[in-house]
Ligand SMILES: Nc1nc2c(c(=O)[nH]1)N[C@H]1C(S)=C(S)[C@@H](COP(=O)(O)O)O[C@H]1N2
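Listed next as structure tokens is one chain, alone, in the form predicted alone.
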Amino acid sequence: MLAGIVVGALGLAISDLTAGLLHIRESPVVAVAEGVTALTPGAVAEWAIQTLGDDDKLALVAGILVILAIVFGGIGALARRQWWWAGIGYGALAAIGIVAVVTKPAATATDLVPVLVGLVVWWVAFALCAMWLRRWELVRASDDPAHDPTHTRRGFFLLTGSMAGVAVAAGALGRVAGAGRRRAEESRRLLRLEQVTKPVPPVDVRVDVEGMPPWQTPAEDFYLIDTAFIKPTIDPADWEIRIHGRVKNELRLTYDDLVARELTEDWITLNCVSNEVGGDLIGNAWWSGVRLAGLLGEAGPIEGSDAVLQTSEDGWTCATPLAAMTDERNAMLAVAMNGEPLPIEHGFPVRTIVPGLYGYVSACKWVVDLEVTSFDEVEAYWTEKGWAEQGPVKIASRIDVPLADATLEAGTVVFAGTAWYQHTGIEGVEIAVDGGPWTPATLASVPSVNTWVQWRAEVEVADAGEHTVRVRAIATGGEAQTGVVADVLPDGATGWDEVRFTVGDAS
């Protein structure tokens, strides 16, 4: 069992090192992990995102490694009976790795090299361990005192110890070899996007209430939701996008081609369909990029097309309504966020921004392919898992002040928060304390209907004890936010956010 585990770890480490040396984004273990994610039912994936966030990826990889350790030990135990069980066992694991690798979009023969190298290491290393173990058994079974079982045993442990050391060293070297991120960060640091301007938030977009979050969300605080275990690290010099499918003119653009075009800039709020009522999977930033309406207009969609299948460099896909990418909203291929080149985690060098749609149908990070098509011909990553097809955002509002379970003084209580309904806009916000009448709030200014808006309201609360405040938003045009509670699946949560607070006894 010890031989099986040590040999297994050695093969994984050498495989990971090989992937790094060949500049392959995913080691076989990561490819398997992403394959497991792709096969995970939507409800389970949603639970993992809500419960663990980005840690769900680490937990899955850790779980796979634990399972592999158990399997490696089992292979070693089986090989004690028949040596060829080890060859079959390691071969079966390699087959799983091969399937995970070749089923990734744009897989090449080179992507298989780490798996095959790992398999050869498994077979050769276990054969060496088995040879020493066999000698040990022969010595123990012999009546000849000239044999030295201690020496034979020592040789086995020296061998496995050496293999463990090599595994650790290979793992460390694999991290060094996977220096693609550092190269991408350096390229990002050296970029000079002449047309990109620094964000200057408009006047009066904030309400003057202590404890309110910023109107402009810093990149480091912007929510992150994606399925990539290893974030793609793309040098702008290597990036290219293809616009094809049901079009009259296929387009291919390099990064230089893209940024040489006229850039558009806009304040746009993005939120995830997984955002629960009152949640924080939402952010507002200054985005800079090239309008998709112009690019798709050049390609010339053929009549009857109604969708664009977007594909990320890591293989993730989403299907976006063609109309939303070509109407007056500022849908763009974004190259900058808050006046700086996109952070790697947010899609560097290029991602898609489409106001008014949840991210799972529009916000493709590391985008490399746009295929004009129709919804009845394609299925994308999350829609295959039971989520709605088109995903327009829903009107929503949130209470940011006071915090839940806060203790306040009796008298005039100040409430404040945020509301949003991108591509439609917010006309009003109302709050109700303890089920009483709806009280209108005062809205701050906004530059367009594509951003969230901050609000504040004051209500007299004289009675000591526990109280509850609720909020609802009114859309431009009069649509009131529904109080009907619905889960995030399949097309976004609904319901009124509420906060419980306590008013202290004046005495």
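Just so it is clear, the structure is predicted and the values come from calculations on it, not from any experiment. Position 1 is the first residue in the sequence shown; the rest follow in order.
Only in words, not in the display: the form predicted together with this ligand, which the text now covers.
Engineer: Considering this ligand in the model of the complex, which of 123, 222, 375, 136 comes within 4.5 Å of it through any heavy atom?
Structural biologist: After the contact test, the surviving option is 222.
Engineer: Can you work out which of 289, 359, 118, 417 has a heavy atom no more than 4.5 Å from this ligand in the model of the complex?
Structural biologist: Contact with this ligand in the model of the complex is made by 359 alone.
Engineer: In the model of the complex, which of the stretches 392 to 400, 321 to 329, 264 to 272, 79 to 87 has residues with heavy atoms within 4.5 Å of this ligand?
Structural biologist: It is 264 to 272 that comes within 4.5 Å of the partner.
Engineer: Quick one: is residue 129 in contact with this ligand in the model of the complex, heavy atoms, 4.5 Å cut-off?
Structural biologist: Output for residue 129 is no: heavy atoms all beyond 4.5 Å of this ligand.
Engineer: Tell me, yes or no, whether residue 364 is in contact with this ligand in the model of the complex, where a contact means a heavy atom of each within 4.5 Å.
Structural biologist: It does: once this ligand is placed as it appears in the model of the complex, residue 364 has a heavy atom within 4.5 Å of it.
Engineer: Going by a heavy atom distance of 4.5 Å, is residue 385 a contact of this ligand in the model of the complex?
Structural biologist: Contact with this ligand, no.
Engineer: Would you please decide whether residue 338 lies within 4.5 angstroms of this ligand in the model of the complex, comparing each non-hydrogen atom pair?
Structural biologist: The answer is no: residue 338 has no heavy atom within 4.5 Å of this ligand.
Engineer: Would you say all of 456, 472 and 497 touch this ligand in the model of the complex, counting a heavy atom within 4.5 Å as a touch?
Structural biologist: No residue of the spot touches this ligand in the model of the complex.
Engineer: Which of the residues spanning 329 to 358 lie within 4.5 Å of this ligand in the model of the complex, based on heavy atoms?
Structural biologist: Heavy-atom contacts within 4.5 Å come from 346, 351.
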